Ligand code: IPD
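One chain is shown next in structure tokens, namely the form predicted on its own.
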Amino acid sequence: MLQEIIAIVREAGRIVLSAHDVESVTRAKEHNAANLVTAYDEAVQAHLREKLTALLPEADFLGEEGEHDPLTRDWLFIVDPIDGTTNFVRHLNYSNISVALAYRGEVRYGVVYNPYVDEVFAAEKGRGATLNGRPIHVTDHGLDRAITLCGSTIYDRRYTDRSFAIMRHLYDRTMDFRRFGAAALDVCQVAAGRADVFFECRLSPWDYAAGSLILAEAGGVLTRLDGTAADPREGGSVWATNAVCHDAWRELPGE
């Protein structure tokens, strides 16, 4: 199943790489100038819906774009066709396709693919995490040696003050921070040991469902910012770290 999903996601990556005149097919969602969607997001999602539901017809499909059907089945594909759409529109080459397959709310398979650098992060529950087929693992760095990745929850400005308060808190306690703009890839960077902490005050399920399994299989931990379990079918805050840094959530600035 994992290899089949990887093959389908790689096919979708070719749609991303074929993009041209992107700004002419870009619009803002829900009158929010920061929340963009392009015709390529929609084309990738249509491709993934067709291929993935053919692979597992008994699965529901939850994708970022368009209306969502009621979720009534045990199996569920959770899909972000292009995570980091603003990066995609601006040709920053830090975007990804993210696919999770969950059973009764537990992610069993996860694939996150950055077609620009041809990197496939993948995991099957209980079998470890890989990058282009090679095993990956989180670091054992403490907070003082950590690189922090973050999102700024730009789609919902109600979280702005807390986002920057947490960032300042971590800035004072860690080695440095980065803001790249694609949550699924950021979680995978922690899984691969390239960074040690990622947080964002509000994400949708497709932003982190696949990455949550990849991180867990690489020895890391993903929860809410209050340390509680994250349901991959529901949105919420995300605190994704190596095992050493995870308890630092206890000292994060509150609401």
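Computed from a predicted model, the values in this text were never measured in an experiment. Each residue number is its position in the shown sequence, starting from 1.
Form predicted together with D-MYO-inositol-1-phosphate: not shown, discussed below.
Visitor: Going by heavy atoms within 4.5 Å, which of 141 to 149, 163 to 171, 178 to 186, 117 to 125 lines up against D-MYO-inositol-1-phosphate in the predicted complex?
Guide: The contacting stretch is 178 to 186.
Visitor: Taking heavy atoms only, is residue 64 within 4.5 angstroms of D-MYO-inositol-1-phosphate in the predicted complex?
Guide: Residue 64: contacts D-MYO-inositol-1-phosphate in the predicted complex.
Visitor: Look up in the predicted complex whether residue 202 has a non-hydrogen atom within 4.5 angstroms of D-MYO-inositol-1-phosphate, and give yes or no.
Guide: Yes, residue 202 lies within 4.5 Å of D-MYO-inositol-1-phosphate in the predicted complex.
Visitor: Is residue 207 a contact residue for D-MYO-inositol-1-phosphate in the predicted complex, using a 4.5 Å heavy atom cut-off?
Guide: Yes, residue 207 is a contact residue.
Visitor: Hey, in the predicted complex, does residue 75 get a heavy atom within 4.5 angstroms of D-MYO-inositol-1-phosphate?
Guide: Residue 75: no, not in contact with D-MYO-inositol-1-phosphate in the predicted complex.
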